Each structure stands twice: as C-alpha cells, then as structure tokens.
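In the block that follows, a single chain appears as structure tokens, in the form predicted on its own.
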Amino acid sequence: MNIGILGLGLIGGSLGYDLRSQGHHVLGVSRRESTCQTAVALGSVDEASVDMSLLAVADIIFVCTPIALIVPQVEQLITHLSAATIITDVGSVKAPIVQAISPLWERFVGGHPMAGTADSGIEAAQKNLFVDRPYVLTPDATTPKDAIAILEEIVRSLKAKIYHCQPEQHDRAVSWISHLPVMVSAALITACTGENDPAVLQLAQNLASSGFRDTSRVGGGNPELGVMMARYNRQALLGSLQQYRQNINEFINLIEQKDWITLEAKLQSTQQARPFFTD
C-alpha cells in the first residue's frame, strides 16, 4: 500500500519504520524541510515533503501532528485526496477530534496508539515501538466497515493490541491512566523543588533513585503535550483531578489523626489493585 504520514515526530517516524519494513511505500509530510531530509536519511520514510500534495496517492494516511493541529491539518489535507482515502489520527484525545473530522471525511477512523517515550522528534523514532502496546480505535456507527478492517489489519501488523470504544469512553479512561498521572507527576516535581532549604534540596536530588524517577517521569515530559491533554480533555481531566484531590485529603487526614490501622488497610487495598493496571 501507499501509506501517508502527516507529522514526522516520534509516533509518525516510528510508524514509518515499521510500515516500510513490511513492504509498504511510506510518504511523509512535515512542516520543516530539515525533518523531511532526516526522515528519509534515517529510513523512516521513502519520500518526504513539506507539501501535502505528496499524500494524494496514499491509500491511508496517519495524522501524527500535535493535537491542536489535527483538525486544521485534515481540513487542508482533504483538498488533495480522493474519496477512497482512509484517514486516521493518533491523538491522545478522541471526542473533539472525531466530532470535528467525521462530518468532513466519511472514511475517517479515530485512533490512539498508547506508546511513546519522554523524547520527541524524528530522531526519537524507533522500530517496534507499538509491539504489545494498546492501540485504540474509535469508529462510530457511520464509519465504513472496510475502512475499519483495513486499519485493523495495519495495526495488527504492528503487533499492537487493538481495542474499540466510543470516543467519550476513551477520553475518560485516558484521563485516569495517562493525563492525570502527567499532572500528578508535575505537581510532585513542583512540590519537591519548592523545598526552601538549599542543603536539603541538594541532598534530595543526590538521594533520588528509581522510586522518584518512576513517579516523576511523565511530569518531566513534553510540556506542549501536557497542555494539549488538559485543553482538549478538560472536563474528564478535571473530574479525575478532583477525585484524586479527595483521595489525597483522605491520606492527609489519616496521617494527621495517626490512624495507622486505616492507613495500612488503604495501602493494602492499593497494593492489591495495582496489578490490574500494570500486568
């Protein structure tokens, strides 16, 4: 197939590597000519351009731009396409994207590969990024079945795990396990850097090990992505943050009251619950 990738960053570049390795002809489009040249040199795409018309021959196009650019970029893109072309995106928020694009393009299938690293850009792209990772598809009742089937076939070839859900369900779910952790992690880093004794702050930095590294990782990631999560999944994220705040307050109260028995019961409960999210 001719497969187009609009946006040659971590996700777009990684898709290119895997799809090319399966014999597809991959066409890439980026805003920067330097990114296009790098993508071709690295072997992520066969051809690349800053001109969207390159994607006119694509059978399916993955839109891998930042969330804020997905809809406006698709509005420009569709002027170059035939009606048979399938468009999908990789945005981490689905409801506003699906609501905006579905009326514009019949053969649109919302998507979200749950994969990535703290790094960004074409240089961060890697092979086999999607292996054993969840890949969510959010078609609606009007999405053509053949378009869904073709995208499913490609996702399976990436060795990813396919999940189907409604866009709104997706956004509520990721607010808990993706967007909330970013904000909590960022708050943790902010709280630690607020230590007003320089000697204690330096000691904390020297002593920080895997526990802090793991819990602070996503809060130290791409700021633009964090803002986009909050902006486009605002209601679901606010609900998650408010519930989290209630739980934090409960832990504060237990410690203030020296209620060690209830605190231990809480921690036993979280110990038992964690494997359901991580295994």
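Quick caveat: nothing in here was measured; it's all calculated off a predicted structure. Just count from 1 along the sequence shown to find any residue number.
Keep in mind the form predicted in complex with a further copy of the same chain is missing from the figure; the text below concerns it.
Contact with a further copy of the same chain, judged by heavy atoms within 4.5 Å in the predicted complex, is confined among 142 to 150, 165 to 173, 80 to 88, 96 to 104 to 165 to 173.
Although the partner is absent here, Gly121 lies well away from a further copy of the same chain in the predicted complex, with no heavy atom inside 4.5 Å.
In the predicted complex, a further copy of the same chain sits within 4.5 Å of a heavy atom of Ala186. Residue contact check for Ser53: none of its heavy atoms lie within 4.5 Å of a further copy of the same chain in the predicted complex. Taking non-hydrogen atoms only, Asp214 approaches a further copy of the same chain to within 4.5 angstroms in the predicted complex. Think of it this way: in the predicted complex, a further copy of the same chain has a heavy atom of just one of Val74, Leu158, Val109, Leu180 within 4.5 Å, and the residue is Leu180. Although a further copy of the same chain is not shown here, in the predicted complex the stretch 218 to 238 places heavy atoms of Val218, Gly219, Gly220, Gly221, Asn222, Pro223, Glu224, Gly226, Val227, Ala230, Arg231, Arg234, Leu237, Leu238 within 4.5 Å of it, in sequence order.
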